[in-house]
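Take a look at this one chain, the form predicted on its own, written out in structure tokens.
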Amino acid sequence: MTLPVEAGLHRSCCLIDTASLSHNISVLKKGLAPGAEIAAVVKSNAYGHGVRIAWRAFVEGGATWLCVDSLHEAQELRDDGYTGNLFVMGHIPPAHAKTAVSLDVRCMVYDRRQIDALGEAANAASRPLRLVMKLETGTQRQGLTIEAALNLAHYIARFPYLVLEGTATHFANIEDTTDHSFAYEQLRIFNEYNDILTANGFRPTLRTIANSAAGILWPHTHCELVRAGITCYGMWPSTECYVSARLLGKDVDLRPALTWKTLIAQIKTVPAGSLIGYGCTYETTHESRIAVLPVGYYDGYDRAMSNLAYVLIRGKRAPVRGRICMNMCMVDVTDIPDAEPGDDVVLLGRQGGESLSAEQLATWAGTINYELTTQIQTNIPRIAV
């Protein structure tokens, strides 16, 4: 077999199972607390899955919101036909305020300079702009203490077309541990801050604290909106999150949606004692068949997996030999005697009875599943299947 014709001149491609994406959303929706909606986070090219494919599958599965990090991502979604609720969670520079108003997005705010620019742009367009204020509860990233939040809320009220719709915060380690004491403290602070805002006349109608892990584990955190990220793509936030879910008796059927494929470019037979690749980090112990694959760390196939990872060829494991190069890598197909140039190679996904998960690749690379999929180069075609 060869790569799909949709891959064009590219030598690798990602196949995206849209039915699995829709399925994951529908499963997550079933666990929502009454009155809560689900927002699919599609930032960073939909966690590497291809935003133009992913957002449609998520909407089909029942997502009523989409979340992005930046205005350029919001612009891409609007240009691609998405007309629904759209939340920009990252920084919006004051210079981009007019674009924020024209795109009709929810804006995360925490700074008076933002408010000045957004207020002026909304006033000039005579168009309301809805804001979500970020509250600091323990991550020390974006966010405001309650005193600063009250001051900013009063400042926002001066602008006739700005609407302080809601509040948001983010858990620091709900997914990294089975000890959730820090997360409980963050939840307490978030609820307290919202109570204080309400007592001062600013009643948030859109509160959002729940991420993927809280979306599964803690229905009492769902408020009005759950921002689901990694789980939308069929991956667990962490092993600890999976264990916590099992301890709570939650059986959540998440289905990974991404398969990353390349092909065999060349096969050569090399004698025992041959040194493979840069740095001569692998030496063959017997006559070996070495296959060259046209994919490397530039494409997102992490160099840290050198001499650790394996790929799937004809449903069998072929170990990586030597260092992963910028644009190619080498694997051992000695035990796959029928392998030949042009054969499909699965770098991530399933082939036959074998599978390679993002979690497995992340273990080899010393990172997390989030990074493994998001670092796949955006110029590699994403093909809906």
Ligand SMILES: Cc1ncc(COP(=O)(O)O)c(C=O)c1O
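We number the residues from 1 along the sequence you see. Computed from a predicted structure; not experimentally measured.
Only in words, not in the display: the form predicted in complex with the named molecule, which the text now covers.
Taken together, the three residues H170, E175 and Y370 all lie with some non-hydrogen atom within 4.5 angstroms of the named molecule in the predicted complex. For the chain shown alone, A358 is not a contact residue for the named molecule in the predicted complex, no non-hydrogen atom being within 4.5 angstroms. Put simply, G229 is close to the named molecule in the predicted complex: some heavy atom of it is within 4.5 Å.
Interface residue remark: T262 is not counted as part of the site for the named molecule in the predicted complex, having no heavy atom within 4.5 Å. Contact check for M89: a heavy atom falls within 4.5 Å of the named molecule in the predicted complex. Taking H180, K134, R314, R130 one by one, only a single residue has any non-hydrogen atom within 4.5 Å of the named molecule in the predicted complex, and it is K134. With the partner omitted here, the residue from Q186, T221, S212, S306 that has a non-hydrogen atom within 4.5 angstroms of the named molecule in the predicted complex is S212.
Figure note: of the listed segments 336-344, 315-323, 56-64, 39-47, the one touching the named molecule in the predicted complex, with heavy atoms no more than 4.5 Å away, is 39-47.
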